[in-house]
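One chain is shown next in structure tokens, namely the form predicted alone.
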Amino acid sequence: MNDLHINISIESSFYCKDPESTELGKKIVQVGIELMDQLGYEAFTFKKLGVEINSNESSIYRYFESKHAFLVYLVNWYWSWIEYKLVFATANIVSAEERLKKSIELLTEEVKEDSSFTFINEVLLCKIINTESSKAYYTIDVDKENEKGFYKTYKRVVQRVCDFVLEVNPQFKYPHMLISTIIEGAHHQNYFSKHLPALTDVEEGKNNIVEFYLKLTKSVLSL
């Protein structure tokens, strides 16, 4: 997998100009991730990003109409990447239980950089997803943006894993609640482990988050 260079296809509604179409666009995304990770979403601005990439602020607006649009783009890129990993990881697994187990592991494990995508640092992007992604949909315009399809990549990932849940237990009534809880909960636990450790049971060097959600899934589905 790491010897390949794969393109993640992001719909044109998420940008003004495709950032992957130019070196400047790729630099905007690459350095934008680094800067948002350093500063946080609130303090991040296109003006500061322009200084970092030695370009005019106006050049960034040619690609993204706002920093909210930039965050939505990053969220969609991340979930498109996760979907690609899910498809790749489960393609040759026959057992429904094993497909579900592999999916939960992938959704909750520590992210490592993927050299298949040269201009995206997935580790930093995952940190942004853990801390900032809720700001993409906790917004006054969430219903309008949902109608435009802003969150369908995330929903598609949830649905894919829900399908595995229902293969394992067709009578289970709450597959979407289970999978979205696992995803959002894993984000919180990763954040807590680094900043508010009293709120979690993560131990250094152990995959406690993965283990917890695998046990939770098994218990809830009565496996």
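Only a predicted model underlies this, so the values are computations on that prediction, with no experimental measurement involved. In this text, residue numbers run from 1 along the sequence as written.
This next part talks about the form predicted in complex with the DNA, which is not shown.
Enquirer: Would you mind picking the one in I10, L24, V202, L214 that has a heavy atom within 4.5 Å of the DNA in the model of the complex?
Expert: Among I10, L24, V202, L214, a heavy atom within 4.5 Å of the DNA in the model of the complex occurs only for L24.
Enquirer: Work out which of N169, Q30, T181, S59 lies within 4.5 Å of the DNA in the model of the complex, going by heavy atoms.
Expert: It is S59.
Enquirer: Do T45 and the DNA share at least one heavy atom pair within 4.5 Å in the model of the complex?
Expert: Yes, contact at 4.5 Å.
Enquirer: Closest heavy atom of S55 to the DNA in the model of the complex, within 4.5 Å or not?
Expert: So S55 counts as contacting the DNA.
Enquirer: Is the gap between F164 and the DNA in the model of the complex 4.5 Å or less for some heavy atom pair?
Expert: Because no heavy atom of F164 falls inside 4.5 Å of the DNA in the model of the complex, the answer is no.
Enquirer: Does K67 reach the DNA in the model of the complex if we count a contact as any heavy atom within 4.5 Å?
Expert: Yes - in the model of the complex, heavy atoms of K67 and the DNA come within 4.5 Å of each other.
Enquirer: So which stretch, 153-161, 37-45, 172-180, 187-195, is the one near the DNA in the model of the complex (non-hydrogen atoms, 4.5 Å)?
Expert: Of the options, only 37-45 has residues within 4.5 Å of the partner.
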